[in-house]
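The form predicted alone is given below as one chain in structure tokens.
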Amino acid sequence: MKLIIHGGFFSESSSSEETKIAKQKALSEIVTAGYEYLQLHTALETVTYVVGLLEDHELFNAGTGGQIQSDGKLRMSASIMDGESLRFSGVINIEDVKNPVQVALKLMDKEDRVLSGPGALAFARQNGFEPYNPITPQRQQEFEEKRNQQNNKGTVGCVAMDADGNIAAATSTGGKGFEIPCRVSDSATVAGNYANKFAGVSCTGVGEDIVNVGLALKVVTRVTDGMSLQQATDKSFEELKQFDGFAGVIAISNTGEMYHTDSHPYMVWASFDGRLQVFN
């Protein structure tokens, strides 16, 4: 069993050592809780659970504490991909819910599995998701001071492989902050979140860059075609260099290989496979 998570990027220029330590502690606790959960649950259940924990933590740009768009509203996106069934579900630019990833899970068995905006919110309400304001005082202050653009490359994600070898991936974001209202990121697309029986990938960074190269899907496809996970990821990141693309990924393959990398250090991450590892 394997589990790896990310919490977006950490900016040494605009973040304190105290924040770095806090993120290390939070990711350590969440990945440990997630690995314990994985012992008795599927990969799909686990990635949903873990990303929900990340959404609930104000340190990360997803769910509570997400970035606010230029019109003053917080719109969130999240997706889940089950490598066993090859089902992808997600919500795009949903407002006023606590855990977008849970709404995405609710869509997994529906015929229409990716919803956006008011339709996503209506579906959430119909399925018992109560109104919730995810804007924190800090994010509101940042919005009012128009400082969001200085620290805008954050997303959370999780990839898990369960006891049966099944792989799943989930990704959630509050956006980059101060973007044009209703901008669509990579997080609820196969460019940013993808899994099959060979590998699973969750991305973070600049959504447009990730979409430009179809990053998550491309890595998984290359693993499916016979590359190792590291080879597939490194080759895909070479293609990002054409336009100085900004991205980070976490990934697991069906051989048990775990890998993480980023184009512009450094992504915050943690993994657990019987041994805890955390970014430093």
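Keep in mind that this is a model prediction, so the values were computed, not measured. One-based numbering along the sequence shown.
Below: the form predicted together with aspartic acid (ASP), not depicted.
Option touching aspartic acid (ASP), based on a heavy atom within 4.5 Å in the model of the complex, out of 97, 107, 191, 206: Answer to the contact question: 206.
Within 4.5 Å of aspartic acid (ASP) in the model of the complex, all of 233, 260 and 262 (non-hydrogen atom): No: none of 233, 260 and 262 comes within 4.5 Å of aspartic acid (ASP) in the model of the complex.
Region of this chain that lies against aspartic acid (ASP) in the model of the complex, out of 180-188, 133-141, 115-123, 87-95 [heavy atom, 4.5 Å]: Of the options, only 180-188 has residues within 4.5 Å of the partner.
Residue 175: touches aspartic acid (ASP) in the model of the complex, heavy atom cutoff 4.5 angstroms: Looking in the model of the complex, residue contacts with aspartic acid (ASP) include residue 175, since a heavy atom lies within 4.5 Å.
Aspartic acid (ASP) contact at residue 79 in the model of the complex, heavy atom, 4.5 Å: Residue 79: no, not in contact with aspartic acid (ASP) in the model of the complex.
Residue 83, heavy atom within 4.5 angstroms of aspartic acid (ASP) in the model of the complex: Contact with aspartic acid (ASP), no.
Residue contact check: residue 155 to aspartic acid (ASP) in the model of the complex, 4.5 Å heavy atom: Residue 155: yes, in contact with aspartic acid (ASP) in the model of the complex.
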